[in-house]
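One chain comes next, on its own, written as structure tokens: the form predicted alone.
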Amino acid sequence: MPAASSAHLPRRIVVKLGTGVLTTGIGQLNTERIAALAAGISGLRASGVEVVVVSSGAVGLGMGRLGLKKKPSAIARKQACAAIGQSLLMQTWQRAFDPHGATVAQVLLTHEDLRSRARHLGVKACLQELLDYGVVPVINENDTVSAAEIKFGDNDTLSALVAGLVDAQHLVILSTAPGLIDMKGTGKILPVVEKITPEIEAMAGGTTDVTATGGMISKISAAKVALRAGCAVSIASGAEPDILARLFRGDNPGTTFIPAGVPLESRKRWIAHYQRPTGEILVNANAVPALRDQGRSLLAIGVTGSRGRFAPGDIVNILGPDDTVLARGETAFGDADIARIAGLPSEKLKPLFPGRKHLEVIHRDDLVVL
């Protein structure tokens, strides 16, 4: 049965499912719930909605097969759990979608796959091809090979990055949390959040679950990333019956975050959210309003110095005089050149770089205010 009138449905959504939703304990899949979720996703697909799934659970399943009671701290052991659990997870998803005639596709990602521009576009093209074929992509972090420098950190973050990558209109994060609860006020779930303020962030808490990562803190962080892509975000309990159908009928059982303003275009989203900056450029007080309020390029005259080692074309953070991160961008100068040109007006740069047409440290087209 269709979830809602197709006129009111998003064209494309991402559904993120936490380990607590998919299991009844360490290594024990909740096959009934997975089947119900597959039915809900299939209902949306029948109404014309394209669905991408981000599924946790591989490490927990591997832990169960190895008889482990808590998540291993050793990276190699955690990777072994993921290697064992991932195939079990995909088998379960395919069985759940079989009654609905849908094919699933496994897509395993590391942060490097989305950080590198060429690989970023390659993943985007692959996911589009799968959706064009009517396949349900099931995405997870590639924990078998992931190390600290290439990890997303949690699947909430991964789901937000995927939502931006595929230009989804809605990200649904289903976990054991029923939504964002106003613990210091009414004690009730906030149905709608129009802006993520410090007060909203203060309502978030971590997690003590032995197989989970992040908790509400990571969900709020993920929501901030997705909202900048113009993607609405809903956080709700995956244990609620018919949760997806209810959500897209307008019955909001959790918390929905509403995007505001003009979403970042694709390349600026890549700069803002898919990178791990290699260094920092420090700017003076005059540069702050020029970048933040006037949308200007960063010029050498506004630069006071740098930190870290970086080369032209690297992504760096821009720090204001109070050491807070103001913006992020693709620098046209390496750290050695920054030391030479900091504080110089543009006309004094020309003799230092003869024949160079563009002398902006970071052009406004390559810069995103955070």
Ligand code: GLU
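From 1 onward, residues are counted along the sequence shown. All values derive from a computational prediction rather than experimental measurement.
This protein has a second form, the form predicted together with the ligand, left out of what is shown; the following refers to that one.
Select from the listed residues T92, Q275, N140, T256 the one whose heavy atoms reach within 4.5 Å of the ligand in the model of the complex.
When the ligand is considered in the model of the complex, the option within 4.5 Å is N140.
Picking from 334 to 342, 23 to 31, 49 to 57, 315 to 323, which part of the chain touches the ligand in the model of the complex when contact means heavy atoms within 4.5 Å?
Correct option: 49 to 57.
I'd like to check something about S175: if you look in the model of the complex, is any of its heavy atoms closer than or equal to 4.5 Å to a heavy atom of the ligand?
So S175 does not count as contacting the ligand.
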